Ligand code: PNS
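Shown next as structure tokens: one chain only, the form predicted on its own.
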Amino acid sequence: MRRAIYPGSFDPITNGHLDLIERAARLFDEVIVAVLINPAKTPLFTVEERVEMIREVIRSPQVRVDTFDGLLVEYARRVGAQVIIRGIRAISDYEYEFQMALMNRRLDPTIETIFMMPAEPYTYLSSRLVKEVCALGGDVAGVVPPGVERRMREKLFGKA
């Protein structure tokens, strides 16, 4: 079985993330969307809320959602994944992701990293940007699923 991991904070999941997940699901037998538990960060949504939102919007039977902490390559070994999927939007992403991929290769040369670019409408999109625009009252319809937008508005303003 060809199993891949798509790791991230997904705070919140965007349509750019969903684009990569759907395309990766066509390439692999199983894709694990792995939500990082990082106590050093202060996310908008709890890990449980992020997992729930992702499960609500993913319909593919070969995609599952899980959480992890610690080293990604250790998690990959534990779940039997051969591939790590990383999204690249711009050159600035590439430098950081390249360093991470090389370190992961050093830690476990049997696990490959594959870089995927999102579809053109999502190349500028990041969770951080979506949260910032929403917090300032901007329209984020079309860049996040409707349920995610509703939850963001509830979280930020106490209403949908």
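From 1 onward, residues are counted along the sequence shown. It should be emphasised that the depicted structure is a prediction, and the values quoted were computed from it without experimental measurement.
Although not depicted, the form predicted together with this ligand is the subject of the following passage.
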At 4.5 Å between heavy atoms, only one of the stretches 25-33, 96-104, 117-125, 53-61 reaches this ligand in the predicted bound form; which one is it? 96-104
Taking this ligand as it sits in the predicted bound form, is A81 in contact with it (heavy atom to heavy atom, 4.5 Å or less)? no
Heavy atoms within 4.5 Å of this ligand in the predicted bound form: does S9 have any? yes
Proximity of L72 to this ligand in the predicted bound form, heavy atoms at 4.5 Å: yes
